[in-house]
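Presented as structure tokens, the chain that follows is alone, the form predicted alone.
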Amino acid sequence: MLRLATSRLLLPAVMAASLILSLAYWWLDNGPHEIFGTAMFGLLVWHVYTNRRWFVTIRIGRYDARRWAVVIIHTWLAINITVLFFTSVLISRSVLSFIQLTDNVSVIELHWFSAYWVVLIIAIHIGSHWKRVMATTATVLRLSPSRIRTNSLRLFSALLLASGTWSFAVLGVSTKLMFGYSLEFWEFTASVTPFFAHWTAVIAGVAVLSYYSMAALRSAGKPRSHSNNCAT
């Protein structure tokens, strides 16, 4: 039970937390930023290894709209993670300071842009696997099905979606994802907690949207039963 909670809940949560902390570069400074980033990559390697069976089964079975969507999400995530990793190595000034290869502005910008995309796609990834997360949570906590809890969670999901939409605008995420430039920077000297709260809300909101989108694709992919009514 503990192993299940650790592998499916705790360590992925720590990985997501490391990613969010890495975004607070101007608060942490470069050293902690690279340490949190390195921890995230280490946990990512562990995550891929523990879920390696997915890569084996990717060529097995029928592909519907939902399965194609999952493959596209994973492919886009892999591309951005690869870009993020190699740009991290190229511009490292702390963890790999002995082999610093470049301080080119374009490489630094590419690093940041890929990081924002990684955040978004990880949120989508979380949403696409949320049913498994909830099932694991129910197993660990020994929860039985409850209509009241289900309806409460749906209401909470709606609140998360609304909060995520607002935080998406506050942080100017759309500009960051479009490789655009923004003159708006978070003022860490004034407040720190809202920064993390907004990014957490963005991830939660996108995850909720992803979950319900995947549920819709799953429903659309199910064969419909046809009644054979014969006119007499």
Ligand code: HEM
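The first residue of the shown sequence is 1; numbering continues from there. Because the structure is a prediction, the values reported are computed rather than measured.
A second form of this protein, the form predicted together with protoporphyrin IX containing FE, is not displayed here; the remarks below concern that form.
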Subject >> Triplet I81, H111 and I122 all within 4.5 Å of protoporphyrin IX containing FE in the predicted complex via a heavy atom >> reply: yes
Original post:
Here the chain is shown alone; which of A135, L143, V95, A158 has a heavy atom within 4.5 Å of protoporphyrin IX containing FE in the predicted complex?
Top reply: V95
Subject >> Residue contact check: M40 to protoporphyrin IX containing FE in the predicted complex, 4.5 Å heavy atom >> reply: yes
Original post:
Is there a heavy atom of L217 no more than 4.5 Å from a heavy atom of protoporphyrin IX containing FE in the predicted complex?
Top reply: no
Original post:
Is L19 a contact residue for protoporphyrin IX containing FE in the predicted complex, using a 4.5 Å heavy atom cut-off?
Top reply: yes
Original post:
Going by a heavy atom distance of 4.5 Å, is T175 a contact of protoporphyrin IX containing FE in the predicted complex?
Top reply: no
Original post:
Going through 40 to 59 from first to last, which residues have a non-hydrogen atom within 4.5 Å of protoporphyrin IX containing FE in the predicted complex?
Top reply: M40, F41, L44, H47, V48, N51, W54, F55
